[in-house]
Ligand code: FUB
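Next up is one chain by itself, shown in structure tokens, the form predicted alone.
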């Protein structure tokens, strides 16, 4: 075991002990570095689109390494399912293909989903805005224009779309100014002039996000720089004038950026942003390796928003409903993990794998019911016969990593092919947190975990 690994594990353990509840949900994604959150609610599901900071992003501020956009989904705001990259720079073959998969936004209209993103084109000094279209929130997204949607002014980063109650759609963007244009109903063209908003809020920096609540229009944005907080302004019109109202979250030296997204879901309002918590758990150096976070927001009677503490101190988001373990659950459905990564699965979708012995996944609020579970089935693959892997098991614990052991799934060589393993289970009753702990797994990508499902006592797996 390397000294580097011991140091990383120690830091994460200390952080979890210091804030066990909030750390389970903040940051909400741990298998990849994620940034610039763009949440969308559709058919009772939250789809979270994010930028993707490569693990190998070099040290130093503003040194990004971004080639694609990821998507996650949740129905309880705590457990998030990884759907991998749903759009990449290859979606826009006319764009620079190296390192410009910047902030995105997704909106639904007339049964289609429109993905707006900031990219670059060869020979153009500023970013432009591209648009891709899909029939499903997970794609496939296709570039329908073959060129930028917006490319004739400066400051083309951080697009955000909004459709007003009268059906008029708008696209906003910009750093350090706010620009907007009226989109046509097809959402891939616009009418009228591109306008620079003249009443830019006092501390606007970038990342505008516009929504409407109780007759008020809100513009939430990354404020100041640097570091960035989350500020907001209000208006009685989607085109302003915007009146600055303060911070949702003040800037903090622990994060240079804080790109926001806001949704209402199941009667509650949530703001998404990001911090560098996972980066600094690995190194003292600043890399552009960000991690998306979420917090519930509260409104005052006059419509203003109550200020939140910084992400590391914010209260954990409450789970909106328990998870049903008696249906197929993707293994990449995670509330918290350590030592785990995800990848496209040969069976379709995604799978996860441990990078070391002791890696684990936490699934929060699993409802086993009063009678409880009698069996557990997992789809697993192992591609090596190395002696170091012969005693590998996936241990199932309740409540915490070292909590009650309810069963252990043996991981045997399968030639890399998917194999279903079923074991008997005991003591799994009530609503509990479930931990999958990979014991005996050597470093490397050898043990693959695709999906799992429990069976009730007396039922046939």
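Bear in mind that the values here come from a model prediction, so they are computed numbers and not experimental data. Numbering follows the first chain given and starts at 1.
This protein has a second form, the form predicted together with the ligand, left out of what is shown; the following refers to that one.
Participant: Just one of 143 to 151, 156 to 164, 374 to 382, 78 to 86 has heavy atoms within 4.5 Å of the ligand in the predicted complex; which?
Facilitator: After filtering at 4.5 Å, what remains is 156 to 164.
Participant: Given that the ligand is left out here, which of 218, 102, 113, 180 has a heavy atom within 4.5 Å of it in the predicted complex?
Facilitator: Of 218, 102, 113, 180, the residue with a heavy atom within 4.5 Å of the ligand in the predicted complex is 102.
Participant: Can you pick the one in 406, 434, 70, 66 that has a heavy atom within 4.5 Å of the ligand in the predicted complex?
Facilitator: Result of the distance check: 66.
Participant: Is it the case that residue 206, even though its partner is missing from this view, gets within 4.5 Å of the ligand in the predicted complex, heavy atoms only?
Facilitator: Close contact exists here: in the predicted complex, residue 206 approaches the ligand to within 4.5 Å, heavy atoms only.
Participant: Please run the contact check for residue 274 against the ligand in the predicted complex: heavy atoms, 4.5 angstroms, yes or no?
Facilitator: Residue-level check for residue 274: yes, a contact with the ligand.
Participant: Of 245 to 259, which residues get within 4.5 Å of the ligand in the predicted complex if you count heavy atoms?
Facilitator: Residue within 4.5 Å: 259, and no other.
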